[in-house]
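Listed next as structure tokens is one chain, alone, in the form predicted on its own.
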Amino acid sequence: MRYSFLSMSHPPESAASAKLATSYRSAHSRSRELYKRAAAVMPGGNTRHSIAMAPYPIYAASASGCRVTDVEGDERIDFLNNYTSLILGHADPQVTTAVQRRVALGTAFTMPAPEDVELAELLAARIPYVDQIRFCNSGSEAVMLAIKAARAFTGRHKIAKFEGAYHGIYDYVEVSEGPTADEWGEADAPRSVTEPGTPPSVAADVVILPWNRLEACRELIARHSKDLAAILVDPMPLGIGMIQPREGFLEFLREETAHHGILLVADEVLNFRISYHGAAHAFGIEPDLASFGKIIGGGFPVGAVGGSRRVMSVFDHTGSLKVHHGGTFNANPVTMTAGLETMRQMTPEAFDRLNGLGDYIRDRLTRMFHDSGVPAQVCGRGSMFVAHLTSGELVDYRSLRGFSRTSPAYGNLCHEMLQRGMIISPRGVFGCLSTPMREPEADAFVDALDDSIGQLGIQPA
């Protein structure tokens, strides 16, 4: 049976609501005024849709550790961490000191700096399948570079990706990111659905695979094998609700790509935080290429593509250059400094402690839903968690009904949590942890979610 939140334009009042943090919703709030100004100069009042929230977002003033203070002066525990990018939390003292020192020496040059060599060495030493790496400025750019490298290396033009998976804003990887039921086609042969603004011709070069459906994937891969340059996979895709790959599924992809001469490209932009060696290693596979971002920048814009020396040779201008790659701020020393300090702090022991806290909060969420009689399934791994309000089997993108980037129900839940001092996404019950957190913060989150769900009410859908 599936369940959903009662649809409400405004959360109901309760006896405890007077004690909740509601300043941002007041008639004279600074967030309301800032949004009004923003709407006049930015479409929709924002410059990235991931922070959009009805009727307007809360504006941040400052942050430290795992807590953010908004422009009204209210403090909340941050369980989003700029969508997983801040693994050390906000304004980490060691990162801040290192960056301040670096900024005073200059921020960007038309020449390399020592820090990019050091961060490249650290990552290559840490990630088993990476011999060489190149930096860029975002995860989207990193995915694009990986796809271009795969095409150049194989001489083929098509790619395959999974239905519902998000990989950034490159035309080809946006295909079938969020198709609706009336356009997605057969379950074993999903349609390639392009986004508005993308040339329809792009669809012909993207094969859409169904997550966790091994035999359907085998047939589709074989059918297009002569043209496929790469299969792009996020080992635990947030766009598919962090539904775990079935046992043997990722290994199957590795075997099939190797058999057909297709490159396996791992998107580790978000999931690199799963373990010290990254997500692919944690799931037991070695891709040919991978894209990175988020935590490796230490809170600054970053992206990277890495892989074997043989495949990465397509970027080598001293050899037979195939992929030209410039970028004014690639490997700028400020980002490299912040990333280097962050990665140095994230030792195996630091990952173990943080991932242990992830196990703790997922277990507490599971027990909370059970005790409250709310059918739900908790997904995630490492320091990330997602809760799906459904008792139905979760297999792939199409099986999801309790997780949506557009459902107004989750906007209502987000406001309830904000009032209780917790920052989560308005797009679903998704969160991640940072190293300043301990069990009291995890307990506070679960208790707030329990209260919020009770306040909203749940009914069978």
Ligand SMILES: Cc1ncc(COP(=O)(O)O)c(C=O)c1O
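The structure presented is a predicted model; accordingly, all values stated were derived computationally and were not measured. One rule holds for the numbers: they count along the sequence shown, beginning at 1.
Just so you know, the form predicted in complex with the named molecule exists too; it's not on screen, but the next bit is about it.
Residue-level contacts in the predicted bound form: of Ser275, Asn332, Thr194, Ser140, one residue has a heavy atom within 4.5 Å of the named molecule, and it is Ser140.
Think of it this way: in the predicted bound form, the named molecule has a heavy atom of just one of His90, Lys148, Lys294, His281 within 4.5 Å, and the residue is Lys294. With a 4.5 Å cutoff on heavy atoms, His167 counts as touching the named molecule in the predicted bound form. The closest heavy atom approach of Val269 to the named molecule in the predicted bound form falls within 4.5 Å. For Asp288, no non-hydrogen atom is located within 4.5 Å of the named molecule in the predicted bound form, even though that partner is not displayed. The named molecule in the predicted bound form comes within 4.5 Å of no heavy atom belonging to Glu163.
Shown alone, this chain has one stretch from 306-314, 223-231, 132-140, 373-381 that lies within 4.5 Å of the named molecule in the predicted bound form by heavy atoms: 132-140.
No residues of 183-213 lie near the named molecule in the predicted bound form, the criterion being any heavy atom within 4.5 Å.
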